[in-house]
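Below, in structure tokens: the form predicted alone, a single chain.
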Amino acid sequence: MNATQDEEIRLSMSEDDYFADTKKLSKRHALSKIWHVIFAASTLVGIVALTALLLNVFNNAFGYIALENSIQPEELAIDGVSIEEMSKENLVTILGDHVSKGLMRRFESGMTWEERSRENVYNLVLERVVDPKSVAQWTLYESLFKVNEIQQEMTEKYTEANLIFKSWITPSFITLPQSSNPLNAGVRTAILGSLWIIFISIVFSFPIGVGAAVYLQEYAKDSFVNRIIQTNINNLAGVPSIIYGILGLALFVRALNLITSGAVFGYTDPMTANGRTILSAGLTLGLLILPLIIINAQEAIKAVPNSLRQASYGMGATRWQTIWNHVLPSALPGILTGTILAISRAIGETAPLVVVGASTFITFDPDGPFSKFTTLPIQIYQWTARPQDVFRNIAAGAIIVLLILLLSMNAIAVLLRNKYSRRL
């Protein structure tokens, strides 16, 4: 509004009315500024909290560590040949001289010595004979800014230990299975378990969720029964995840254990069938994210312009042809957005999996939907519950791996969504 228009309005109004309106406008502008500051502050608080969380994780995932060997590698040399240059046969001899016969038989039952590579035997010697243990560790902040204090503490308390800078996120950390020794522990088994469960959850919940959304939005009439169904779906999205775990325990682990254990397919003995498998966990998380997929798919379908449907009907298309060829392709980006949110929730769940029967310590990889399992959140929980401080370092490394896995899966989903968006 320019000065001329303001003057015209002022002349057409009484002086009291003009000042009253001006005062109300000033109050609205002041209130708008207050809310702007509140929203900006809440955003800033969220960013600060997220930054503090990430800094805390990275602070524990790197840093100096003091390692003390049970036997020094130099003491294991044979005729002046160190274990780094020793043949596989001599390494097997050293291993047999320092570990029990029962452990040697267990090693050989898993894989014969002829089948094992020299590097594999060498790693066994390092793990079981040299047996390095962490006697002290420091955070990344301490390792960068308190180096002198660390070296002084090493000189006074840990004279037999070696000080090294340790990154807990390494290729071996990704490829090794879980171990009772934190220096040899990895997350390979947990990563595979998480991927199996997420795959089963999406395969189960995505078609059912989209189908339910299509029915409720395109076919269902506004009746009392359908309103009850819609209300319950909205309520199920807010049910605590532990409730889904109890449902999964009763339905998939106990009632359908012959199916979820693979007994009906000859995978296990029906007399010893145990439904605490990847399939049970995947179906449980599928139920958990099903309401989210239905609600988001409904909103995406609802956002498709009704004129698109009318144009399709005008060309002689049936309702199903209209839905399949026009409505769903237009709604697909929104549906995939809801699926991304569902995956993000499912991949971080712990409580339902604990109830269903996730293993807290497992060293073998899952080989199918009927295998026992663990996941990255379960692994992180198990490590943080350990009394040794060093387990919290590998838990921080596992958190970073989980975040990378989550962001990678979300990035793939976003690329698919954008791909279909450009086609429309």
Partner chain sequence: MDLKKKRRIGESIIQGFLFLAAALSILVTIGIVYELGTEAMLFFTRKQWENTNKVITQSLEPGFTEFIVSESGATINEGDLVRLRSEEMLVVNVQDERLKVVRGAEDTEPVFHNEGTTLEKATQVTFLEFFGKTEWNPQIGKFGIWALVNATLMTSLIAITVALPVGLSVAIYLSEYASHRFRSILKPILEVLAGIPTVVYGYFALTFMTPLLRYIFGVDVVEIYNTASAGIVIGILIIPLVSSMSEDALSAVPNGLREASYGLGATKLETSLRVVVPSAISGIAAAFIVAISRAIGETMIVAIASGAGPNFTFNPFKAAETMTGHIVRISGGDLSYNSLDYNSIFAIGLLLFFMTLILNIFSHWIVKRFRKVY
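Owing to the predicted nature of the structure, the values given are computational and were not obtained by experimental measurement. Only the largest set of C-alpha atoms that superpose within 1.5 Å between the two forms is called the rigid core. Numbering follows the first chain given and starts at 1.
FYI, the form predicted together with the partner chain isn't displayed, but the following is about it.
Joint contact, Asn274, Gln321 and Pro377 to the partner chain in the predicted bound form, by non-hydrogen atom at 4.5 Å = Yes, the whole candidate spot contacts the partner chain.
Listed residue that, although the partner chain is not shown, lies within 4.5 Å of it in the predicted bound form (heavy atoms), from Ile174, Val203, Val239, Leu308 = Of the candidates Ile174, Val203, Val239, Leu308, Val239 is the one lying within 4.5 Å of the partner chain in the predicted bound form.
Using heavy atoms only and a 4.5 Å cut-off, determine which of Lys157, Arg105, Arg254, Arg118 is in contact with the partner chain in the predicted bound form.
-> Of Lys157, Arg105, Arg254, Arg118, the residue with a heavy atom within 4.5 Å of the partner chain in the predicted bound form is Arg254.
With the partner removed from view, which of 185-193, 125-133, 145-153, 217-225 is the stretch that lies within 4.5 Å of the partner chain in the predicted bound form, judged by heavy atom distances?
-> Residues of 217-225 come within 4.5 Å of the partner.
Answer with yes or no whether Leu403 is in contact with the partner chain in the predicted bound form, where contact means some heavy atom within 4.5 Å.
-> Flag for Leu403 set to yes.
Mark Gly348 yes when one of its heavy atoms lies within 4.5 Å of a heavy atom of the partner chain in the predicted bound form, and no otherwise.
-> Yes, Gly348 is a contact residue.
Wondering, does Ile243 line up within 4.5 Å of the partner chain in the predicted bound form on heavy atoms?
-> Looking in the predicted bound form, residue contacts with the partner chain include Ile243, since a heavy atom lies within 4.5 Å.
Decide whether Gly368 counts as a contact residue for the partner chain in the predicted bound form under a heavy atom distance cut-off of 4.5 Å.
-> Result no; Gly368 lies far from the partner chain in the predicted bound form.
Does any residue in 282-317 get within 4.5 Å of the partner chain in the predicted bound form, counting heavy atoms only, and if so which ones?
-> Read in sequence order, the residues that approach the partner chain (within 4.5 Å, in the predicted bound form) are Leu287, Leu290.
Tell me, please, whether between the shown form and the other one the C-alpha of Val414 is shifted by 2 Å or more, with the rigid core used for superposition.
-> Yes, Val414 moves 2 Å or more.
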